[in-house]
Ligand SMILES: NC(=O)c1ccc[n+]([C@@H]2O[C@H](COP(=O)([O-])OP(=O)(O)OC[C@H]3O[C@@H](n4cnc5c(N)ncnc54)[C@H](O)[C@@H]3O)[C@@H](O)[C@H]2O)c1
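Presented as structure tokens, the chain that follows is alone, the form predicted alone.
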């Protein structure tokens, strides 16, 4: 950890206390690691699970032991939350239901988690004059203008029709019966509430819109580091299939296009937001990597190649199968064909650009998941079975 740190304007950065809600998740665990290893800041880690940060909490003799405290709190109904926010200089809210398979099968839970449960956090920050960094999603953009154009239209090549800008792009959702948009709608509404608190009551805020952050510990592999039931997001779905020697399922042919950014690159951006409030307050930031754009089919093909390298196992003769969105996600699914983040604002305000290629981030992620899976299988087979 550097003895003295300066922000982007050359000012000395003072140690702060951060209340991190959702600290035990994928993003939170990587952010906690970064803060412990490279800064003097203290973290009040709030979550219902601590598996992914347990290595930071134990042993008590670790160099950062006095700078991270775990508070097992469900923010739905725990009065201790306001006290922790009052103790902190900054609150970071990462808590969410953010798995597409849940959007149409658990729409009420999705809406409550991403809007209703976030309301007290915003209220406490505003009433106590505490700064807030709120994690939203690229899903708030919904469908791009380009996806309504004929597939052979030359207008599809116009960046304005598919490159998504924080302050100019419209947010276009499908009809109400397409409950896939329950998540995006809830996330957009809490963004609007935060923005209104800033405008009317002076709340200092930053909103983060992640575009598919990928890396070790992301999401879950069913039955290994997460529940046996449930469907994780696309990369973890594909990882699960690869680990179990199953074909990768391409929803509606895998034609949708997405960009992917390495978690360690993205965490660098978040640290810049934390330590440069004068440049980050009042802004919404896309955080993604436009250079890592692929179709879901191309992602499946690349992951198959990377996994063959990482594991030494040959690829299946038929590595992918097509499946309909209705069969995979159930009724109410809808999608956007393409999402590219405009990086103008974050580059101007924070000077941030992603570095890691798609191949390299997939190799890092699959290496971790292959090792985790092998260890879990070894552990399960070493347990004697009673007759």
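It should be emphasised that the depicted structure is a prediction, and the values quoted were computed from it without experimental measurement. Residue numbers count along the first chain shown, from 1.
Here the subject shifts to the form predicted in complex with this ligand, a form of this protein not shown in this document.
- When this ligand is considered in the predicted bound form, residue 359 lies well away from it, no heavy atom lying within 4.5 Å.
- By the criterion of a heavy atom within 4.5 Å, residue 74 is counted among the residues contacting this ligand in the predicted bound form.
- A residue is said to contact a partner when one of its heavy atoms sits within 4.5 Å of a partner heavy atom; residue 233 meets this definition for this ligand in the predicted bound form.
- Of the heavy atoms in residue 94, some are within 4.5 Å of this ligand in the predicted bound form.
- Residues placing heavy atoms within 4.5 Å of this ligand in the predicted bound form fall in a single listed stretch, namely 129-137, out of 195-203, 129-137, 311-319, 158-166.
- The partner is absent here, but in the predicted bound form a heavy atom of 212, alone among 286, 212, 104, 144, sits within 4.5 Å of this ligand.
- In the predicted bound form, this ligand lies within 4.5 angstroms of at least one heavy atom of each of the following residues of 11-28: 22, 24, 25, 26, 27, 28, in sequence order.
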